[in-house]
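Before any questions on how it binds or moves, here is one chain, the form predicted alone, in structure tokens.
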Amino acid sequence: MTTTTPAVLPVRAQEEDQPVRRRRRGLSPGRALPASRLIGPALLLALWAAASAAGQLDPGAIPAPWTVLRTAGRLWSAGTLPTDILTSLERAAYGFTIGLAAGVVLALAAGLSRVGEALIDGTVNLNRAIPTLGLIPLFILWLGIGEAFKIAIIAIVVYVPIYLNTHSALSGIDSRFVELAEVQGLSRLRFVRQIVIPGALPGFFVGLRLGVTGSWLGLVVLEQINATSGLGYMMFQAQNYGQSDVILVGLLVYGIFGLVSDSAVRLIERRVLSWRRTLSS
């Protein structure tokens, strides 16, 4: 008399070894749709076009989208818009780079050393409590009214959120990982590379997104102070001549830059933190 039990057991063992996929709960929103972030702006643009076509908007105050596009084409053909865009990008890039480096270095110094935290954290929080744009008159006295003070203000706008979120992430690292590193005998460098940096990355990317957005917000104001080029200067000149279509061109360019830069940071974050399970994964 034969039995089939030995043949069945390996099959069952193989089935048990395979990972079991958990069904997604109803509370989870799932993965984001491709280009889903463009749905809102596209809907807003459609409402703007419909209201303009129906005559519900004053063309002198809010020109139609096609009028703004024609104005953008005219400024581009004249060479004014490309020059202003390049100037604004250069200012934002310099200020953002300096602010990024300062925020990361200060956060690591304060997060890895009690002396550093005592010297840095209170100072940064004091700077945070002071409106950054309120520092403009003081920085003009220190650095003059050229490019230096604009870049310095942008750097301050950028480094504060990067420092705060990175330092918060460093402070939130589980102490059990520190104890494990001590048991394993990790060196200071390996401890920073294998535990500190991975633990701080989620907070760093939150601060990075806020810093990117803040750099564009600060640039709008700074380019209207003793500037001879840039998108803010273009908008300021258009305000003097009542050219609302030129102002809207500048605002749309700022909005596009902000959306593109934020999307780029989110894409990098998704790639770097692919190991982290979130609601959208």
Partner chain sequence: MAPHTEQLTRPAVQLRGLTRSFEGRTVLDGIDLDLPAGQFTALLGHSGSGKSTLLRAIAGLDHKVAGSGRLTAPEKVSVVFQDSRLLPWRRVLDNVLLGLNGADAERKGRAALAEVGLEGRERAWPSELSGGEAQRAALARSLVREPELLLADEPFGALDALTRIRMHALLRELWTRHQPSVLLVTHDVDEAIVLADRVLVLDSGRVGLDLAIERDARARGEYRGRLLAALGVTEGVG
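Residue numbers count along the first chain shown, from 1. What you see is a predicted model, and the numbers here were worked out from it, not measured in a lab.
Another form, the form predicted in complex with its partner chain, is not on view; read the next lines as being about it.
S.K.: Within 4.5 angstroms, counting heavy atoms, which one of the listed stretches 104 to 112, 87 to 95, 197 to 205, 139 to 147 is next to its partner chain in the predicted complex?
M.R.: It is the stretch 197 to 205.
S.K.: Would S77 count as a contact of its partner chain in the predicted complex, using a 4.5 angstroms cut-off between non-hydrogen atoms?
M.R.: Output for S77 is no: heavy atoms all beyond 4.5 Å of its partner chain.
S.K.: Though only this chain appears here, would A129 touch its partner chain in the predicted complex if you measure heavy atom gaps against 4.5 Å?
M.R.: Contact with its partner chain, no.
S.K.: Can you tell me if L180 lies within 4.5 angstroms of its partner chain in the predicted complex, counting non-hydrogen atoms only?
M.R.: Taking the distances in the predicted complex, the answer for L180 is yes, it comes within 4.5 Å of its partner chain.
S.K.: Check whether G134 has any heavy atom within 4.5 Å of a heavy atom of its partner chain in the predicted complex, and answer yes or no.
M.R.: The answer is no: G134 has no heavy atom within 4.5 Å of its partner chain.
S.K.: Scan 75 to 108 and note down the residues that get a heavy atom within 4.5 Å of its partner chain in the predicted complex; none is a fine answer too.
M.R.: Sequence-ordered list is empty.
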